[in-house]
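Just the one chain here, laid out as structure tokens, in the form predicted on its own.
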Amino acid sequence: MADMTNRSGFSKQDYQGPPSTLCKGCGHDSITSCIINACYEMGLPPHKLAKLSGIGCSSKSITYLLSHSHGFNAVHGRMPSLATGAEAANHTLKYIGVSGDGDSANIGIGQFMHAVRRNTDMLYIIENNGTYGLTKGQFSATADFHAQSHYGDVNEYQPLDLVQLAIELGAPFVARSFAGDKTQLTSLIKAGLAHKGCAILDVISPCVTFNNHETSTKSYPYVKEHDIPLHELGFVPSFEEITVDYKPGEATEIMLHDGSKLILKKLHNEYDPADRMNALNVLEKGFKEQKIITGLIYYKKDAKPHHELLNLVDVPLRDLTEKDLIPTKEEFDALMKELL
């Protein structure tokens, strides 16, 4: 029997890739599954998607999804620059950048910061496990202070929180999730893809080989016990009828750029993702209490993406011809008069 097709006429198989060679039980494979499901359910044509990565287990994971999409595997830590250039050349594609805590928080930290401040139009997924899994378990910059490694070494350095840093740098969409929570993660991936601008999604993704022991805050048992979701998430695409079954006052709707809606159902408190200072305070409080805050942590409406800040023409730069790019003598003379 043929596979069911989505609204664009594609089957689930069109969004998949070859079998994963990552360690059995790796959190990255769970994230891959959520990306595949999100793209299929949203009906995004594979040929209108581009997947980008750097170096590491996380960057390797893009091999196992979207085989019929555009893709590029960059050098270590340089994925954000690649995405920025690709967006400038063709802003009609949807970009999914997959990176890791080593790729983004260590060698690529400068690249990460400039992609955020430029508001590069992409879903930037950080598969965060606090360790260099590909090179056998060294600490990354997100590893916990005084964390113990697989080999018994102790980390003496303070950790970086890329979610907190992204908010401080002005990212308009910042979220955190857990590879073991597919419902929340899939909704956040859909919202990030619908968002126009830089959508940062930090995903705690346990490394089952090097960093899944009891003392690690990036392990499956720890995150399951200490995960504090800010809200329940529901994503409604623009092509579906918007219906909400929550009682008045129990839910908040966030309208995304493409007409889709992210519905936040309140849980523990009246959390407002538009309040930047409150978002930073909640993260700091969670850090002190050794809790992992997940959900849509910060959202800023109407921030222009990079290609709009550059005032680029509607036609992708890659499609411009010599006739479009070379001015006539009259146009050139008029331009020179303006510069005199």
Partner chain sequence: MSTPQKIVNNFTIKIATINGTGSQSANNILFKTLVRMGIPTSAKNLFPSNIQGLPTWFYIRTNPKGYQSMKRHSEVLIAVNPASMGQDLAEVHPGDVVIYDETTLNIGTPKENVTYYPVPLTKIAKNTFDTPRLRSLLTNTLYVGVMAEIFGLDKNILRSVIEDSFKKKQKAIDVNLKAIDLGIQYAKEHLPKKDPYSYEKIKNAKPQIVIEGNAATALGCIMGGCTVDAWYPITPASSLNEAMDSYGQRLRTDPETKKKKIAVIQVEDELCAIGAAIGAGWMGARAMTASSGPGISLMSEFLGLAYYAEVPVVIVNVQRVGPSTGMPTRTQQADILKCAFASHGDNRHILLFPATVKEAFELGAKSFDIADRLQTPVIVMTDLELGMNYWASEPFNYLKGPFDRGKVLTLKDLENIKSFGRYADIDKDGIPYRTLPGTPHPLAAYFTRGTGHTEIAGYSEDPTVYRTNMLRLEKKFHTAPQYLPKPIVLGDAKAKIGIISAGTNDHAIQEALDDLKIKKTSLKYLRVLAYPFHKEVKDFIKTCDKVIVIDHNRDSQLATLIKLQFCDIAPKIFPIAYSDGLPLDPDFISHKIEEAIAHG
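Residue numbers count along the first chain shown, from 1. Not measured: the values here are computed from a predicted model. Here, rigid core means the biggest group of C-alpha atoms that superpose within 1.5 Å across both forms.
Missing here is the form predicted in complex with the partner chain; even so, the following discussion is about that form.
query = Wondering, does Ala89 line up within 4.5 Å of the partner chain in the predicted complex on heavy atoms?
reply = Yes, Ala89 lies within 4.5 Å of the partner chain in the predicted complex.
query = Does Gly25 reach the partner chain in the predicted complex, with heavy atoms at most 4.5 Å apart?
reply = No, Gly25 sits far enough from the partner chain in the predicted complex that none of its heavy atoms falls within 4.5 Å.
message = Quick check on Gly71: any heavy atom within 4.5 Å of the partner chain in the predicted complex?
response = Gly71: yes, in contact with the partner chain in the predicted complex.
message = Is Pro221 near the partner chain? Define near as a heavy atom within 4.5 Å, in the predicted complex.
response = No - in the predicted complex, heavy atoms of Pro221 and the partner chain never come within 4.5 Å of each other.
key: Listed residue that, although the partner chain is not shown, lies within 4.5 Å of it in the predicted complex (heavy atoms), from Ser260, Thr252, Thr84, Gln164   = Exactly one listed residue reaches within 4.5 Å, namely Thr84.
query = Quick one: which of 304-312, 276-284, 289-297, 36-44 gets within 4.5 Å of the partner chain in the predicted complex, going by heavy atoms?
reply = Looking at the other structure, the answer is 304-312.
query = Is the partner chain close enough to Met4, Ala147 and Leu160 in the predicted complex that each of the three has a heavy atom within 4.5 Å of it?
reply = Not one of the three qualifies.
query = From first to last in sequence, which residues of 323-338 have any non-hydrogen atom within 4.5 angstroms of the partner chain in the predicted complex?
reply = The stretch touches the partner through Asp324, Leu325, Ile326, Pro327, Thr328, Lys329, Glu331, Phe332, Ala334, Leu335, Met336, Glu338.
task = Superpose the two forms on their rigid core, then report whether the C-alpha of Lys329 is displaced by 2 angstroms or more between this form and the one not shown.
result = The answer is yes; the displacement is at least 2 Å.
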